[in-house]
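Only one chain is included here, represented as structure tokens and corresponding to the form predicted on its own.
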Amino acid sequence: MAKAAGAKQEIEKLREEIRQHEYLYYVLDEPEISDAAFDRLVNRLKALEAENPKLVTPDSPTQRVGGAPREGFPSVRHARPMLSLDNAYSEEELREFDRRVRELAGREKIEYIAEHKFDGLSISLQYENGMLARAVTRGDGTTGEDVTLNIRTIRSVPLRVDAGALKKAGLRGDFEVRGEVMMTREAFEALNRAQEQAGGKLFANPRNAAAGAVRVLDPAITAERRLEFFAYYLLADGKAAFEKHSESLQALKSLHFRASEDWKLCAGIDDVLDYCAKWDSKREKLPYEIDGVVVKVNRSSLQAELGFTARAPRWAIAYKYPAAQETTVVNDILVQVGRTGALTPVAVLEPVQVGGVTVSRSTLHNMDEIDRLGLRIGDTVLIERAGEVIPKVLKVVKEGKSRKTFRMPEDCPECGSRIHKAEDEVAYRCVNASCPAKRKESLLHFAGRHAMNIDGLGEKIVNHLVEQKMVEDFADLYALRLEPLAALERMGEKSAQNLLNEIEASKKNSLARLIFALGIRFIGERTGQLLAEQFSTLEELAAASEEQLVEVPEVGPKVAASIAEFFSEPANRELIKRLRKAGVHPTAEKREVKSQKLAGKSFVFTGALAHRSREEAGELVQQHGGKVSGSVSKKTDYVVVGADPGSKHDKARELGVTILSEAEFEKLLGI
């Protein structure tokens, strides 16, 4: 009993500590500890909760992501409608709004709150007894979708609000917070880089990316998108929680919600107009996008008196900043090769002033976008620079007299290697690992801690090596010599020798590390390990067919195709020969086999297992001589099914493959 009591006390202490660090990091942007230290706290909590499952609570920081993907979202009716706002596009329209408000209120002057109009997805967070009970989208204003599991993954959303903070704010445990789910510019750019690398569809803007992330059926995907929540409204019993909206904004901060600090209490409409003008010139410097200013009557009693129209409140309006748009001619379309090898078409424009900036180029993203626009070289296009430094082409407004069709090149413009394109992807890409456009990023990845672990080969050194043409690919690293290396800027003989020692030591790394280091698309550390367990050498992996590759655990058709594509490139095969000649030729470390009771048997896992992860179950199979595959075929002996199984379950039934529950699988193993 004493042990359980001690565990409970430590768990509560850890939860409070983690919540405080989440608030400091995700809300205030003022972390006090390193990521590694934070991870240690979370891992300790996970371990204690695993040992004491009865002590796990819904508001624990470990419960932000949980559950398998769902089939849909249930509908929830709002306690108070979430209506859209009327829009104003000019000073005259804002003054007309002010005139209507003063006339309806019978007052000469109105106090307003002006705040940023976030460009995101509106969400209602409903708390019961201080804990997040549900999160609901705006929907049609009356009824929205329950997206609670997804919203729980957003670190700036408190899963529980401290009772002391509620008491201090004068609130009971049941209340509602409304706000906007958004994505910062940095997170949006990182997402599109990842999409580009994976050959997926690029998102048009952060709002679309955030909205799509909230409405995916798998909360794990939402968690990957690095979303933020900004609160802007506080309700209690379906009504404004305080007499003044300014008091609600202050209370939200004290309750540890992320809320804008850039709102202003305005004595009248002239103050509002000053605020709008100020932020129009400063909004590009914000870490997130705003597309205007929301103006609200400050007094809640006056809001109630003014009421609503059928579609919008009479006491609030959204002032929208005008988008900077111009027309110009597309003189040419060039191709840029990105750091991942993806080819991006870029429009070369007749230079034009857009929002005070001279614009001469605009990305066209991919061939699908060019086809959607119906764009040809010589056409006149409408371009926009709104919330983005790089402008975008909106549409063709006039076809050119001598318009020319653009086609993607067959060979890489940087290295001359053949261009690859998968049927199910929009991206064209160069897979030559030594392509000059990819060289620096490839070398940094190769030298990374989880790859070949070459300490000292950082960004500055890689830049010098590439710029001095001392290194063009991975194999060149093993031909470096002390004297020219020591002559590099800020290097010196001692540092150069240390780096050469690190490079030499990397020859002894495992095959799994080398496979990961090559930078093959979709191949992470774990997949590299699984491939190394299946194939004895890099040459054996290079010679494997796609059919052989999908027999490797967790390797599906898409990953197999990527591996085959990489090794089909002559430049990559030549690189492997040069690595071997340089002495980089590791062989696989074979797995320890405990028995042969499953020898010759092939397993596929689908759905969520109760007692272990699918990876751990696969490890058990291989320890007893069996094989694990990522796809079901006639050669599959068993499909082990957990909760919420996917299409592999259906395929197994269709092919007549033996289906096992987790309990039957354990019985087969003798667990």
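Predicted model, so just to flag it, every value in this text is computed and none were measured. Sequential numbering from 1, following the sequence displayed.
The following text describes the form predicted together with a small molecule, which does not appear among the structures shown.
Just to confirm the contact call: exactly one of 577 to 585, 377 to 385, 85 to 93, 492 to 500 touches the small molecule in the predicted bound form at a 4.5 Å heavy atom cutoff, so which is it?
Result for this chain: 85 to 93.
My question is simply whether I333 lines the interface with the small molecule in the predicted bound form - judged by any non-hydrogen atom within 4.5 Å.
Residue-level check for I333: no, no contact with the small molecule.
Using 4.5 Å between non-hydrogen atoms, is Y233 touching the small molecule in the predicted bound form?
Yes, contact at 4.5 Å.
Give a yes or no for K296: in the predicted bound form, does one of its heavy atoms lie within 4.5 Å of a heavy atom belonging to the small molecule?
Contact with the small molecule, yes.
Although the small molecule is absent from this view, report whether S122 comes within 4.5 Å of it in the predicted bound form, heavy atoms only.
Output for S122 is yes: heavy atoms within 4.5 Å of the small molecule.
So which of R138, R193, R283, R155 reaches within 4.5 angstroms of the small molecule in the predicted bound form, heavy atom to heavy atom?
Contact check passes for R138.
In the predicted bound form, the one of R439, H256, H420, K117 near the small molecule [non-hydrogen atom within 4.5 angstroms]:
It is K117 that has a heavy atom within 4.5 Å of the partner.
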